[in-house]
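The chain below stands alone and is given in structure tokens; this is the form predicted alone.
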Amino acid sequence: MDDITAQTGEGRRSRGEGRGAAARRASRSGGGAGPAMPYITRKIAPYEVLDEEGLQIIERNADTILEEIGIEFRDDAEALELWRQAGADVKGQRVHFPKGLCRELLKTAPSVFTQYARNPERSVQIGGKATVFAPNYGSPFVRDLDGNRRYATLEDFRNFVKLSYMAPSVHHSGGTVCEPVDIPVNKRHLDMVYSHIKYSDKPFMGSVTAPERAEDSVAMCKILFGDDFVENNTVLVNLINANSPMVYDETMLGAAKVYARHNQACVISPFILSGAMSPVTVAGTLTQILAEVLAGASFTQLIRPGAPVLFGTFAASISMQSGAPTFGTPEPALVSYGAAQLARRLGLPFRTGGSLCASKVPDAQAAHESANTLNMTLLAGTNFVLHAAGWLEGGLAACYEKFMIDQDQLGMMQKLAQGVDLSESGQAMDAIREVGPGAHYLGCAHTQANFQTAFYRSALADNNSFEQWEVEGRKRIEDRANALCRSWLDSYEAPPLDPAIDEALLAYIAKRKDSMPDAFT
């Protein structure tokens, strides 16, 4: 699976006023989430690190990889035969691509598409100026609200689906938000897909761990949306990892074929730890990523021309002393910026980034590494963002408290993406005229009209005086995140689901589970 692997206050306030501030913050953030934010439509230009010459060098080198070195499509005779028919030179399991073949095939892939949710108001655009935040993916462990690191369960999975549903700035329910290891391996995908359908009405992802599990995901969506709707629209986005360097295995190919045949989107994502799965240099890594994506993405068009496909990458560096993955570092940011440029040149939606860190707890290291990754993710112009909330410990653990901290940061990214308001109100000339020299803006009409929405208001950050913070229990942000998470889960209400659809889904799950013995490997 993919990637498994505060401010000072001016002046002093009384203790009574401190308690009032705590109450106001609680009323703003406790109990329930705020109104859902739509997916982001960015009004700021993407940040680019490569000029035209640099882009051409990488594209030329990627073409050389495809033609001279080749990409392996392992243990999939159908895939190899499709490439032969398309004009590639197939030698054993290695495919060599004539120059331009992959790009020609990708001309049928859409640059923008809609992923439909069961609640139409929650459907999202993938591509163009849209950015969609999806939660953590793939972690076998959780760090729970009691501070324990343990294997994830189905209850944890459901909790993270509920939190993603409630988080205003999370636009997507994600996929394997954590791995419910208390359910047999060959059956847990059924419970996971059902949980996304039952406990959220946001769009979600399907299973990719075996072709038959991908088929189950599509079948369950057909129960939810109807056969024709699924075949003619996209209701699933699915993560297909290249086994870098330069290999696609039968599991990923099998899942990709299922989803592409049913018009469902594949995120073709090389999984890169630079220095281990790719060269140590940014340009070398970008070259390999581009070659791998070109081969994998164009393969989906051999299956079904026009099937949606995303240019994805997961790029991290490693410690050259220990080999451990590192996050929030400069080189992977440069890789992601460059990959986003390459994706736009291909006309494909782009996936990268999130709130990545190597820290074992939601501490300062987690915060700065996640912030470095998240800011880059938005500024690169990323369309689909996995691991946007909850990622801890290099992806090994999904953390409740960090999820709450991350989703708060996502709201800030939403505000940043709106860019500069140049409307009449944004120009604020009436306020400047009213106040004049030497006064202040606190009581002017413009401030009074805009104070509630002028600045992003964090539900978790403590911006008050030391005295207030002391009166309120000297709580760290992890403590406030813990309390907020508990209140959200306590107040959760499931979105309505047609009882007939629910019954049909449960019947399908029961039938499929009864058809096979439990397997835990």
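All values reported here derive from a predicted model rather than from experimental measurement. Note that residue numbering follows the sequence shown and begins at 1.
The next section is about a form of this same protein that is not shown, the form predicted together with a further copy of the same chain.
*Asks:* Are 65, 280 and 358 jointly within 4.5 Å of a further copy of the same chain in the model of the complex, each by at least one heavy atom?
*Replies:* All three within 4.5 Å in the model of the complex.
*Asks:* With a 4.5 Å heavy atom cut-off, would you call residue 191 a contact of a further copy of the same chain in the model of the complex?
*Replies:* Taking the distances in the model of the complex, the answer for residue 191 is no, it never comes within 4.5 Å of a further copy of the same chain.
*Asks:* With the partner left out here, check for me: in the model of the complex, does some heavy atom of residue 44 sit within 4.5 Å of a further copy of the same chain?
*Replies:* Yes, residue 44 lies within 4.5 Å of a further copy of the same chain in the model of the complex.
*Asks:* Considering only heavy atoms, tell me if residue 437 and a further copy of the same chain come within 4.5 Å of each other in the model of the complex.
*Replies:* Yes, residue 437 is a contact residue.
*Asks:* Residue 425 near a further copy of the same chain in the model of the complex, any heavy atom under 4.5 Å?
*Replies:* Although a further copy of the same chain is absent here, residue 425 would touch it in the model of the complex, with heavy atoms inside 4.5 Å.
*Asks:* Only one of 276, 112, 77, 185 has a non-hydrogen atom within 4.5 angstroms of a further copy of the same chain in the model of the complex; which is it?
*Replies:* That would be 276.
*Asks:* Could you tell me which one of 447, 301, 233, 125 places a heavy atom within 4.5 Å of a further copy of the same chain in the model of the complex?
*Replies:* Among 447, 301, 233, 125, a heavy atom within 4.5 Å of a further copy of the same chain in the model of the complex occurs only for 447.
*Asks:* Among the candidate stretches 99 to 107, 129 to 137, 254 to 262, 315 to 323, which one is within 4.5 Å of a further copy of the same chain in the model of the complex when only heavy atoms are counted?
*Replies:* The contacting stretch is 315 to 323.
*Asks:* Would you give me the residues of 432 to 467 that have any heavy atom within 4.5 Å of a further copy of the same chain in the model of the complex, in order from first to last?
*Replies:* Going through 432 to 467 in order - heavy atoms within 4.5 Å of a further copy of the same chain in the model of the complex - the hits are 432, 433, 435, 436, 437, 438, 439, 440, 441, 442, 446, 447, 450, 451, 454, 455, 456, 457, 460, 461, 462, 463, 464, 465, 466, 467.
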